[in-house]
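One chain comes next, on its own, written as structure tokens: the form predicted on its own.
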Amino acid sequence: MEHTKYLVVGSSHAALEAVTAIRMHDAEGSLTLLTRDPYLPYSPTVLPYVVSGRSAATGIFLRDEKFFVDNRVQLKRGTELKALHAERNSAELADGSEIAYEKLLLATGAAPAIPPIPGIDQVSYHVLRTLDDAKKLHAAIKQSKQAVVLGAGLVGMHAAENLVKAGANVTIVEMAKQLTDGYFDQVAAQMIEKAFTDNGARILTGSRVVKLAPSAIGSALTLENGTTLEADLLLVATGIKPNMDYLDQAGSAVEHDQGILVSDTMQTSVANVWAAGDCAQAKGFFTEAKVMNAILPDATEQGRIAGMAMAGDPGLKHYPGGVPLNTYHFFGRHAISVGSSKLADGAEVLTRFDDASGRYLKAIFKDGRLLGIFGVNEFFDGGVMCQLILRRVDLSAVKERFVANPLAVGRELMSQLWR
């Protein structure tokens, strides 16, 4: 049986940050990285640009072969984890072989969540989570004349824009009362919706698909209100679910709920096993409850913490909790959301809106401290805003200036505090 000191399963941001953190403290320990993907590491966040053609599929990789050689990492591509045997520190692979490890990181990411719509197994549809998905969707968009996108989250909206620009008649179907629910408030959502409808898209919010069936052009969709839609291209973008089937295959003792439950150092419930990224369920910043916060900055932070913990780095700092941070570009405009949109008791909400310029800003404070900030066509640094939240900086003295110009005041505060 093959043996490695460090075994990292996954190859995106969390996994790569963990590898770097391990090598910062342990330059010699054997390190193996497994990925079921046949490609070099890439970020799921870049896939919409492969779909649109703005990024070539050959130019999106996060690391090259030289990185793995230089860092003495054995990279195994096209290798899938089948089962985890934590009781004997062993990972069983899809081909039946096993790798023994001393320390293991599960950074296996997430997969599209397919809704249980009657008939969905009888129609052809697209998803967008892997590079192969993006290539297939890129090719299909060029041929589409009548497209339906299920789900109005950021993945679905990116794809819908590409379809609109390619000349297709596009209908977006969303169960929630507004699009981009969970990212933006109603005002921002309406601004985004108007940009889409102005460009010819049809948006059906508060709508549920109750049946799918093959049709002459591809798929026929029946909505709860009886409306029927036809599509030659159907994209299912109704959310994601963590990849953790390998935990069930061997009755693993690793605790999991919506994701793999981890501590503030990304340790799982069993010895020698850590988890990070889109498959991990860690504490939220605004609540002690374990939450899923499947965003790139969190994957990076969690991977770094896991790697430092695995290597025994004395500089390890505990995970502060997940803060949502999302940016979205659409039809030459942009939107950004950072932090919590929930109005806690005693919260203060400050907004400004300029209809002529299409600029909108909403900031939520409590006791002078920022809880969340959201904007459309507003320029501010999401990373700086996130740090203001995490550090609980008292903005009472600069609150009005901050709302008037969050970019400048945020940088001013950064220069004073980040020393």
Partner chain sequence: MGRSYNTIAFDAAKCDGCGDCMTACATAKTGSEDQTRSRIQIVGSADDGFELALCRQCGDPKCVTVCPAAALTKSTESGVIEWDAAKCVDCLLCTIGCAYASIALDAGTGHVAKCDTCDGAPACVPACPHDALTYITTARIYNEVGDWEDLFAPGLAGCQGCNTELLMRHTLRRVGPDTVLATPPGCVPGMGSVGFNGTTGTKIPVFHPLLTNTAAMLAGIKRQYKRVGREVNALAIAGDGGASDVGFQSLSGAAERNEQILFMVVDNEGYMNTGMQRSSCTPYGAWTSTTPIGKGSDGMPAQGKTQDAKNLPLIMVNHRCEYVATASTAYMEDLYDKLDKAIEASKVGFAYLHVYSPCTTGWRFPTDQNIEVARKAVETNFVMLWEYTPGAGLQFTRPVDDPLPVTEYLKAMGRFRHLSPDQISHIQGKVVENLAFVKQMVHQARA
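Positions refer to the first chain, counted from 1. All of these numbers come straight from a predicted model, not from anything done at the bench.
Same protein, other form: the form predicted together with the partner chain, not shown, and the subject of what follows.
Comparing 166-174, 117-125, 223-231, 297-305 against the partner chain in the predicted bound form, the single stretch with non-hydrogen atoms within 4.5 angstroms of it is 297-305.
When the partner chain is considered in the predicted bound form, Ile336 lines it closely, a heavy atom lying within 4.5 Å. For the chain shown alone, Phe353 is not a contact residue for the partner chain in the predicted bound form, no non-hydrogen atom being within 4.5 angstroms. The closest non-hydrogen atom of Asp26 lies beyond 4.5 Å of the partner chain in the predicted bound form. Contact annotation: Leu40 falls outside 4.5 Å of the partner chain in the predicted bound form, judged by heavy atom distances. For the candidate spot formed by Leu62, Gln387 and Met414, every residue has a non-hydrogen atom within 4.5 angstroms of the partner chain in the predicted bound form.
Contacts of stretch 304-336 with the partner chain in the predicted bound form, defined by any heavy atom lying within 4.5 Å, are made by Arg304, Leu325, Asn326, Thr327, His329, His334, Ile336, listed in sequence order.
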